[in-house]
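Presented below, as C-alpha coordinates, is a lone chain in the form predicted alone.
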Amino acid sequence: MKNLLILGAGTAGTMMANHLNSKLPAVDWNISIIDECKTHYYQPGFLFLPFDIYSSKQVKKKGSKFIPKRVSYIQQSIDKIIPEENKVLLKSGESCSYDILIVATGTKTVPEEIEGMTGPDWKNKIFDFYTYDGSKALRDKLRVWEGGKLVVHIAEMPIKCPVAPLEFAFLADSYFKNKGIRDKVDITFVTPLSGAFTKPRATQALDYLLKEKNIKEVTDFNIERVDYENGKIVDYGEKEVAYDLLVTVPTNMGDPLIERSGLGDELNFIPTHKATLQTLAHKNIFAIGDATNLPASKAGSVAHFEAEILTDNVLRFINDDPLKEEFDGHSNCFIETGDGKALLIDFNYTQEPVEGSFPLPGIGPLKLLKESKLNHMGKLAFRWVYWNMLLKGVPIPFVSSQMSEKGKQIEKIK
(Lines give C-alpha, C1' and ligand atoms only; values in the text may rest on other atoms or scores of the structure.)
Protein backbone atom coordinates (compact mmCIF):
# COMPACT_ATOMS: atom_id res chain seq x y z
CA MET A 1 0.00 0.00 0.00
CA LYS A 2 1.38 3.41 -1.00
CA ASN A 3 0.76 6.79 0.58
CA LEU A 4 -0.25 10.07 -1.01
CA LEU A 5 -0.08 12.96 1.41
CA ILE A 6 -1.60 16.43 0.98
CA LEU A 7 -0.44 19.30 3.17
CA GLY A 8 -3.15 21.93 3.66
CA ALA A 9 -6.94 21.59 3.61
CA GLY A 10 -7.70 24.99 2.11
CA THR A 11 -9.10 25.48 -1.38
CA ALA A 12 -6.34 23.73 -3.32
CA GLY A 13 -5.77 20.87 -0.88
CA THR A 14 -9.46 20.08 -0.47
CA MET A 15 -9.98 20.04 -4.24
CA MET A 16 -7.03 17.66 -4.70
CA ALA A 17 -8.41 15.32 -2.02
CA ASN A 18 -11.71 15.13 -3.88
CA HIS A 19 -10.16 14.73 -7.33
CA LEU A 20 -7.79 11.97 -6.25
CA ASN A 21 -10.40 10.21 -4.13
CA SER A 22 -12.20 9.20 -7.32
CA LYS A 23 -9.04 8.51 -9.35
CA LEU A 24 -6.69 6.52 -7.12
CA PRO A 25 -7.70 2.89 -6.39
CA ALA A 26 -8.32 2.40 -2.66
CA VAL A 27 -6.71 -1.04 -2.75
CA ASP A 28 -3.38 0.51 -3.76
CA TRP A 29 -3.31 4.00 -2.23
CA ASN A 30 -3.90 5.62 1.14
CA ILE A 31 -4.75 9.33 0.87
CA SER A 32 -4.22 11.64 3.84
CA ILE A 33 -4.57 15.39 4.28
CA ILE A 34 -3.02 17.39 7.15
CA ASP A 35 -4.19 20.77 8.43
CA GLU A 36 -4.39 22.13 11.96
CA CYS A 37 -7.37 24.38 11.14
CA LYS A 38 -10.80 22.83 11.64
CA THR A 39 -12.66 25.65 9.89
CA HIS A 40 -12.72 26.14 6.12
CA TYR A 41 -13.04 29.78 5.11
CA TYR A 42 -14.48 31.15 1.90
CA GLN A 43 -11.71 33.69 1.51
CA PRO A 44 -13.31 35.71 -1.35
CA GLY A 45 -16.03 36.52 1.17
CA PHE A 46 -13.57 38.43 3.37
CA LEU A 47 -13.90 41.28 0.86
CA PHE A 48 -17.65 41.55 1.53
CA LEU A 49 -17.63 41.05 5.30
CA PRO A 50 -16.46 44.61 6.20
CA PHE A 51 -19.36 46.11 4.23
CA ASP A 52 -22.03 43.85 5.79
CA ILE A 53 -22.73 42.29 2.38
CA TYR A 54 -21.92 38.87 3.85
CA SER A 55 -22.34 37.69 7.42
CA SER A 56 -19.72 35.76 9.37
CA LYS A 57 -21.68 32.52 8.94
CA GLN A 58 -21.61 32.83 5.14
CA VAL A 59 -17.82 32.71 4.90
CA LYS A 60 -16.97 29.68 7.03
CA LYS A 61 -17.95 26.03 7.41
CA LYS A 62 -16.57 22.94 9.12
CA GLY A 63 -13.63 21.73 7.03
CA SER A 64 -14.26 18.01 7.49
CA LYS A 65 -17.57 18.39 5.65
CA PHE A 66 -15.65 18.67 2.37
CA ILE A 67 -13.07 15.91 2.88
CA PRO A 68 -14.08 12.50 1.39
CA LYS A 69 -14.66 9.77 3.98
CA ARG A 70 -11.95 7.61 2.46
CA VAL A 71 -9.34 10.35 3.00
CA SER A 72 -7.66 10.41 6.42
CA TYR A 73 -8.02 13.93 7.83
CA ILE A 74 -5.16 14.62 10.26
CA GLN A 75 -5.88 17.82 12.21
CA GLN A 76 -2.45 18.63 13.57
CA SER A 77 0.28 21.24 13.13
CA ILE A 78 3.10 20.42 10.74
CA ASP A 79 6.71 20.93 11.82
CA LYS A 80 8.59 20.32 8.57
CA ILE A 81 9.05 18.22 5.46
CA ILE A 82 12.08 15.95 5.18
CA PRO A 83 12.19 15.19 1.44
CA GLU A 84 15.30 13.02 1.66
CA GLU A 85 13.35 10.60 3.84
CA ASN A 86 9.93 11.07 2.16
CA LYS A 87 8.59 12.06 5.54
CA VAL A 88 6.59 14.88 7.17
CA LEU A 89 7.15 15.62 10.85
CA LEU A 90 4.26 16.85 12.97
CA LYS A 91 4.71 19.16 15.95
CA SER A 92 3.30 16.39 18.14
CA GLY A 93 6.45 14.36 17.40
CA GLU A 94 4.65 11.95 15.08
CA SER A 95 5.64 11.52 11.47
CA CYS A 96 3.85 10.65 8.21
CA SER A 97 5.61 8.94 5.33
CA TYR A 98 4.68 9.49 1.70
CA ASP A 99 5.34 8.18 -1.77
CA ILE A 100 3.84 11.31 -3.32
CA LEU A 101 3.49 14.65 -1.55
CA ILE A 102 1.25 17.54 -2.63
CA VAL A 103 1.97 20.84 -0.92
CA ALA A 104 -1.07 23.14 -0.71
CA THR A 105 -0.12 25.21 2.32
CA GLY A 106 -1.17 28.53 0.79
CA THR A 107 0.11 31.95 1.75
CA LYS A 108 -0.16 33.99 4.92
CA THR A 109 -0.16 37.71 5.70
CA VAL A 110 2.90 38.84 7.65
CA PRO A 111 2.18 42.39 8.90
CA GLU A 112 5.15 42.26 11.26
CA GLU A 113 7.43 42.44 8.20
CA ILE A 114 6.64 46.19 7.99
CA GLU A 115 8.03 48.39 10.77
CA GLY A 116 5.24 49.94 12.83
CA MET A 117 2.36 48.09 11.15
CA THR A 118 1.50 45.99 14.18
CA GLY A 119 2.05 48.83 16.64
CA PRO A 120 -0.63 50.26 18.95
CA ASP A 121 -2.89 51.22 16.01
CA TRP A 122 -3.21 47.63 14.72
CA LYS A 123 -6.94 46.84 14.59
CA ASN A 124 -7.65 50.35 15.84
CA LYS A 125 -6.72 52.58 12.91
CA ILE A 126 -4.85 49.96 10.86
CA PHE A 127 -6.66 46.90 9.53
CA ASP A 128 -6.29 44.07 7.03
CA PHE A 129 -9.15 42.21 5.37
CA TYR A 130 -7.20 39.17 4.13
CA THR A 131 -7.87 37.29 7.36
CA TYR A 132 -11.21 36.40 8.93
CA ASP A 133 -10.42 38.18 12.19
CA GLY A 134 -9.10 41.25 10.37
CA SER A 135 -12.11 41.46 8.08
CA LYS A 136 -14.54 41.14 10.99
CA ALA A 137 -12.70 43.79 13.03
CA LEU A 138 -12.76 46.15 10.05
CA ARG A 139 -16.51 45.59 9.69
CA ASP A 140 -17.02 46.73 13.26
CA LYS A 141 -14.83 49.79 12.65
CA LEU A 142 -16.63 50.84 9.46
CA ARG A 143 -20.01 50.62 11.16
CA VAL A 144 -19.07 53.53 13.42
CA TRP A 145 -16.42 55.42 11.41
CA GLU A 146 -17.56 58.92 10.56
CA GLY A 147 -15.08 59.77 7.81
CA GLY A 148 -11.61 61.08 7.13
CA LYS A 149 -8.65 59.87 5.07
CA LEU A 150 -9.10 56.23 4.03
CA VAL A 151 -5.97 54.68 2.52
CA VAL A 152 -6.19 51.28 0.81
CA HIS A 153 -2.66 49.97 0.56
CA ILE A 154 -0.67 47.04 -0.87
CA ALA A 155 2.69 46.40 0.84
CA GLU A 156 4.34 44.33 -1.90
CA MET A 157 3.61 41.76 -4.57
CA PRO A 158 2.74 38.93 -4.93
CA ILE A 159 -0.48 38.81 -2.92
CA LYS A 160 -3.54 36.60 -2.84
CA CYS A 161 -6.16 37.85 -5.29
CA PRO A 162 -4.32 40.87 -6.78
CA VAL A 163 -7.58 42.68 -7.59
CA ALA A 164 -9.08 42.50 -4.08
CA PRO A 165 -7.52 45.77 -2.81
CA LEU A 166 -9.01 47.60 -5.82
CA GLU A 167 -12.35 45.96 -5.19
CA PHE A 168 -12.19 47.14 -1.59
CA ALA A 169 -11.64 50.74 -2.73
CA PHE A 170 -14.57 50.53 -5.17
CA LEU A 171 -16.88 48.96 -2.60
CA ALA A 172 -15.83 51.56 -0.03
CA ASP A 173 -16.90 54.28 -2.47
CA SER A 174 -20.36 52.68 -2.75
CA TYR A 175 -20.58 51.96 0.98
CA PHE A 176 -19.95 55.55 2.02
CA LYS A 177 -22.26 56.91 -0.69
CA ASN A 178 -25.04 54.69 0.65
CA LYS A 179 -24.33 55.94 4.19
CA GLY A 180 -24.51 59.53 2.95
CA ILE A 181 -20.98 60.42 4.03
CA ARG A 182 -18.95 59.97 0.82
CA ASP A 183 -18.20 63.72 0.84
CA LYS A 184 -16.56 63.21 4.23
CA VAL A 185 -14.28 60.39 3.05
CA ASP A 186 -11.09 60.88 1.05
CA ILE A 187 -10.09 57.54 -0.54
CA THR A 188 -6.53 56.90 -1.74
CA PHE A 189 -5.31 53.68 -3.37
CA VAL A 190 -1.59 53.06 -2.78
CA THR A 191 0.31 50.37 -4.71
CA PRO A 192 3.91 49.31 -5.32
CA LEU A 193 2.98 48.76 -8.98
CA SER A 194 3.19 51.43 -11.66
CA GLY A 195 -0.56 51.04 -12.30
CA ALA A 196 -3.72 49.64 -10.79
CA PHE A 197 -3.12 46.00 -11.80
CA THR A 198 -0.42 43.60 -12.95
CA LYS A 199 -1.76 43.42 -16.53
CA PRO A 200 -1.59 46.58 -18.72
CA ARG A 201 -4.93 46.12 -20.53
CA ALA A 202 -6.86 45.63 -17.29
CA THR A 203 -4.92 48.49 -15.71
CA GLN A 204 -6.32 50.91 -18.30
CA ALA A 205 -9.90 50.03 -17.37
CA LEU A 206 -9.24 50.04 -13.65
CA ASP A 207 -7.32 53.33 -13.66
CA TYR A 208 -10.30 54.89 -15.44
CA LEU A 209 -12.67 53.63 -12.74
CA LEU A 210 -10.48 55.05 -9.99
CA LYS A 211 -10.64 58.48 -11.61
CA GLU A 212 -14.38 58.19 -12.23
CA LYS A 213 -15.02 57.41 -8.56
CA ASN A 214 -12.70 60.18 -7.33
CA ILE A 215 -10.28 57.71 -5.76
CA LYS A 216 -6.74 59.05 -5.68
CA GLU A 217 -3.97 56.73 -6.85
CA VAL A 218 -0.39 56.63 -5.58
CA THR A 219 1.83 54.27 -7.60
CA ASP A 220 5.39 52.96 -7.23
CA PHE A 221 5.06 53.21 -3.44
CA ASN A 222 7.40 50.72 -1.74
CA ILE A 223 6.60 50.98 1.93
CA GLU A 224 9.42 51.14 4.46
CA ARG A 225 7.47 51.82 7.64
CA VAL A 226 4.21 52.90 9.23
CA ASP A 227 4.57 56.10 11.21
CA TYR A 228 1.56 55.44 13.44
CA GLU A 229 2.36 58.34 15.76
CA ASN A 230 1.79 60.81 12.92
CA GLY A 231 -0.74 58.73 10.96
CA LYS A 232 1.18 58.15 7.73
CA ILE A 233 2.91 55.47 5.70
CA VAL A 234 6.41 56.16 4.40
CA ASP A 235 8.21 54.57 1.44
CA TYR A 236 11.94 54.06 0.92
CA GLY A 237 12.18 57.35 -0.99
CA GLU A 238 10.60 59.13 2.00
CA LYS A 239 7.34 59.70 0.10
CA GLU A 240 4.47 59.94 2.61
CA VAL A 241 0.74 59.24 2.52
CA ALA A 242 -1.37 60.37 5.47
CA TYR A 243 -4.27 58.29 6.80
CA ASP A 244 -6.97 58.34 9.43
CA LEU A 245 -7.92 54.76 8.58
CA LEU A 246 -5.40 52.45 6.89
CA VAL A 247 -6.69 49.29 5.20
CA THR A 248 -3.56 47.41 4.23
CA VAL A 249 -2.63 44.21 2.45
CA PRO A 250 0.51 43.22 4.36
CA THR A 251 3.39 41.23 2.89
CA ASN A 252 2.22 37.78 1.77
CA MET A 253 4.54 34.82 2.36
CA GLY A 254 4.38 31.06 2.07
CA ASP A 255 3.87 28.98 5.20
CA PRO A 256 6.80 29.10 7.67
CA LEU A 257 7.06 25.30 7.48
CA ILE A 258 8.36 25.73 3.91
CA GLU A 259 11.27 27.78 5.27
CA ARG A 260 11.89 25.23 8.04
CA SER A 261 11.98 22.52 5.37
CA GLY A 262 14.41 24.42 3.13
CA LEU A 263 12.06 24.17 0.16
CA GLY A 264 11.16 27.79 -0.56
CA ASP A 265 12.46 31.01 -2.03
CA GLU A 266 12.98 34.25 -0.07
CA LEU A 267 9.20 34.56 0.43
CA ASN A 268 8.75 30.84 1.29
CA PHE A 269 7.09 30.04 -2.04
CA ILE A 270 8.11 26.71 -3.60
CA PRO A 271 9.97 26.75 -6.96
CA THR A 272 7.59 24.83 -9.20
CA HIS A 273 7.48 23.92 -12.89
CA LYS A 274 4.96 26.39 -14.24
CA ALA A 275 3.29 23.96 -16.65
CA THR A 276 3.42 20.57 -14.82
CA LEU A 277 3.20 21.69 -11.12
CA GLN A 278 6.02 19.33 -10.17
CA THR A 279 8.46 20.98 -7.78
CA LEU A 280 11.86 21.68 -9.28
CA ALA A 281 13.88 20.05 -6.49
CA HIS A 282 11.98 16.79 -5.88
CA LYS A 283 10.16 14.72 -8.49
CA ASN A 284 7.69 13.12 -6.07
CA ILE A 285 6.67 16.47 -4.56
CA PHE A 286 4.08 18.60 -6.33
CA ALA A 287 2.84 22.05 -5.34
CA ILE A 288 -0.42 23.81 -6.07
CA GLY A 289 -2.19 27.10 -5.48
CA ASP A 290 -0.74 29.93 -3.43
CA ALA A 291 2.14 27.76 -2.14
CA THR A 292 3.95 27.89 -5.51
CA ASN A 293 6.19 30.56 -7.00
CA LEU A 294 4.35 30.44 -10.33
CA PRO A 295 3.93 33.74 -12.23
CA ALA A 296 0.14 33.29 -12.06
CA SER A 297 -2.43 34.98 -9.84
CA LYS A 298 -2.73 33.57 -6.34
CA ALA A 299 -6.47 33.01 -6.54
CA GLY A 300 -9.04 30.26 -6.11
CA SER A 301 -9.83 30.07 -9.84
CA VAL A 302 -6.15 29.41 -10.58
CA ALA A 303 -6.03 26.61 -7.98
CA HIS A 304 -9.20 25.17 -9.54
CA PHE A 305 -7.61 24.98 -13.00
CA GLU A 306 -4.33 23.69 -11.56
CA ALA A 307 -6.14 20.92 -9.67
CA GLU A 308 -7.57 19.41 -12.84
CA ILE A 309 -4.17 19.35 -14.53
CA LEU A 310 -2.26 18.22 -11.43
CA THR A 311 -4.64 15.28 -10.94
CA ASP A 312 -3.79 14.04 -14.43
CA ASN A 313 -0.06 14.53 -13.84
CA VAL A 314 -0.10 12.65 -10.53
CA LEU A 315 -1.65 9.69 -12.34
CA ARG A 316 0.96 9.97 -15.10
CA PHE A 317 3.75 10.11 -12.51
CA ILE A 318 2.44 6.94 -10.86
CA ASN A 319 2.43 5.17 -14.24
CA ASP A 320 5.93 6.48 -15.15
CA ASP A 321 4.47 8.44 -18.06
CA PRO A 322 5.85 11.85 -19.10
CA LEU A 323 4.07 14.70 -17.37
CA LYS A 324 1.89 16.94 -19.49
CA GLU A 325 2.96 20.58 -19.64
CA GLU A 326 -0.59 21.87 -19.80
CA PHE A 327 -1.09 24.52 -17.15
CA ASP A 328 -1.04 27.87 -18.97
CA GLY A 329 -1.52 30.20 -15.98
CA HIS A 330 -5.26 30.44 -16.64
CA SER A 331 -7.10 32.80 -14.32
CA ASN A 332 -10.51 34.37 -14.44
CA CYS A 333 -12.08 36.55 -11.81
CA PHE A 334 -14.88 38.98 -11.19
CA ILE A 335 -13.81 42.45 -10.09
CA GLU A 336 -16.38 44.26 -7.96
CA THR A 337 -16.58 47.88 -9.12
CA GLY A 338 -19.30 49.07 -6.73
CA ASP A 339 -22.88 50.23 -7.29
CA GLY A 340 -23.98 46.65 -7.96
CA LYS A 341 -21.65 46.14 -10.93
CA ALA A 342 -18.54 44.10 -11.67
CA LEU A 343 -15.96 43.47 -14.37
CA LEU A 344 -14.86 40.00 -15.49
CA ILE A 345 -11.32 39.27 -16.65
CA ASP A 346 -9.90 36.11 -18.22
CA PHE A 347 -6.18 35.70 -18.92
CA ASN A 348 -3.13 33.42 -18.69
CA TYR A 349 0.67 33.50 -18.85
CA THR A 350 0.76 34.86 -22.40
CA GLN A 351 -2.66 36.43 -22.90
CA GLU A 352 -3.70 39.84 -21.65
CA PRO A 353 -7.25 40.30 -20.30
CA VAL A 354 -9.23 41.44 -23.35
CA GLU A 355 -12.80 41.98 -24.41
CA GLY A 356 -15.06 39.16 -25.49
CA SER A 357 -17.74 36.81 -24.20
CA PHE A 358 -17.62 34.21 -21.43
CA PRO A 359 -18.03 31.30 -21.00
CA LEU A 360 -19.74 30.60 -24.35
CA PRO A 361 -18.02 32.10 -27.44
CA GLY A 362 -20.15 34.80 -29.03
CA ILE A 363 -22.99 34.14 -26.57
CA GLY A 364 -21.69 34.84 -23.09
CA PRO A 365 -23.85 35.66 -21.26
CA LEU A 366 -21.01 37.41 -19.41
CA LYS A 367 -18.91 40.12 -21.05
CA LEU A 368 -15.18 40.47 -20.47
CA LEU A 369 -13.65 43.79 -19.37
CA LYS A 370 -17.12 45.35 -19.31
CA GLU A 371 -18.93 46.56 -16.20
CA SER A 372 -22.35 44.99 -15.75
CA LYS A 373 -24.88 44.02 -13.11
CA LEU A 374 -24.83 40.47 -14.50
CA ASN A 375 -21.12 40.18 -13.68
CA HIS A 376 -21.90 41.33 -10.14
CA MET A 377 -24.55 38.62 -9.86
CA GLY A 378 -21.95 36.15 -11.11
CA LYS A 379 -19.55 37.23 -8.37
CA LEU A 380 -22.19 36.67 -5.68
CA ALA A 381 -23.27 33.35 -7.24
CA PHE A 382 -19.71 32.07 -7.07
CA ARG A 383 -20.07 31.50 -3.34
CA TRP A 384 -22.62 28.74 -4.05
CA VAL A 385 -20.40 27.34 -6.80
CA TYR A 386 -17.45 27.30 -4.39
CA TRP A 387 -19.16 25.36 -1.61
CA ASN A 388 -21.14 22.99 -3.83
CA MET A 389 -18.94 22.37 -6.88
CA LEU A 390 -15.43 23.76 -6.80
CA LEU A 391 -14.33 22.31 -3.43
CA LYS A 392 -15.90 18.95 -4.27
CA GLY A 393 -14.01 18.67 -7.55
CA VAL A 394 -17.15 18.95 -9.66
CA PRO A 395 -16.39 20.35 -13.16
CA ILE A 396 -17.83 23.79 -13.85
CA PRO A 397 -19.74 23.63 -17.17
CA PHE A 398 -18.16 25.37 -20.19
CA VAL A 399 -15.08 26.51 -18.21
CA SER A 400 -11.90 24.66 -19.20
CA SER A 401 -8.65 24.46 -17.23
CA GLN A 402 -6.79 25.95 -20.18
CA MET A 403 -7.87 29.36 -21.40
CA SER A 404 -10.07 29.26 -24.47
CA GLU A 405 -9.38 31.90 -27.12
CA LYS A 406 -12.77 31.52 -28.78
CA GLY A 407 -15.02 34.57 -28.67
CA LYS A 408 -12.18 36.81 -27.40
CA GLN A 409 -10.07 39.53 -28.94
CA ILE A 410 -6.72 37.83 -28.56
CA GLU A 411 -3.62 39.89 -27.95
CA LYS A 412 -0.57 37.95 -26.81
CA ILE A 413 1.85 39.39 -24.28
CA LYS A 414 5.12 40.15 -26.04
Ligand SMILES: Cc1cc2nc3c(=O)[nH]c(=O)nc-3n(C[C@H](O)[C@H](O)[C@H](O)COP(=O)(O)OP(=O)(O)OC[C@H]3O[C@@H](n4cnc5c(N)ncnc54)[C@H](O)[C@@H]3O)c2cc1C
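Computed from a predicted model, the values in this text were never measured in an experiment. We number the residues from 1 along the sequence you see.
There is another form of the same protein, the form predicted together with the ligand; it is not shown, and what comes next is about it.
J.: Are all three of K160, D255 and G300 close to the ligand in the model of the complex, meaning a heavy atom of each within 4.5 Å?
T.: Spot residues vs the ligand: full contact, yes.
J.: Just to confirm, with a 4.5 Å cut-off on non-hydrogen atoms, which of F127, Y130, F197, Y243 contacts the ligand in the model of the complex?
T.: Filtering the options by heavy-atom distance leaves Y130.
J.: Work out which of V152, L101, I309, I78 lies within 4.5 Å of the ligand in the model of the complex, going by heavy atoms.
T.: By the 4.5 Å heavy-atom cutoff, the listed residue in contact is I78.
J.: Is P44 close enough to the ligand in the model of the complex to count, meaning some heavy atom within 4.5 Å?
T.: Flag for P44 set to yes.
J.: Contact with the ligand in the model of the complex for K213, defined as at least one heavy atom pair within 4.5 Å: yes or no?
T.: No.
J.: Should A17 be classed as touching the ligand in the model of the complex when contacts are defined as heavy atoms within 4.5 Å?
T.: The answer is no: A17 has no heavy atom within 4.5 Å of the ligand.
J.: Is there a heavy atom of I288 lying 4.5 Å or less from a heavy atom of the ligand in the model of the complex?
T.: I288 belongs to the contact set for the ligand.
J.: Could you tell me which of 119-127, 169-177, 69-77, 318-326 sits within 4.5 Å of the ligand in the model of the complex, going by non-hydrogen atoms?
T.: Careful reading of the contacts points to 69-77.
J.: With the ligand taken in the model of the complex, which residues across 1-15 come within 4.5 angstroms through any non-hydrogen atom?
T.: Heavy-atom contacts within 4.5 Å come from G8, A9, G10, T11, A12, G13.
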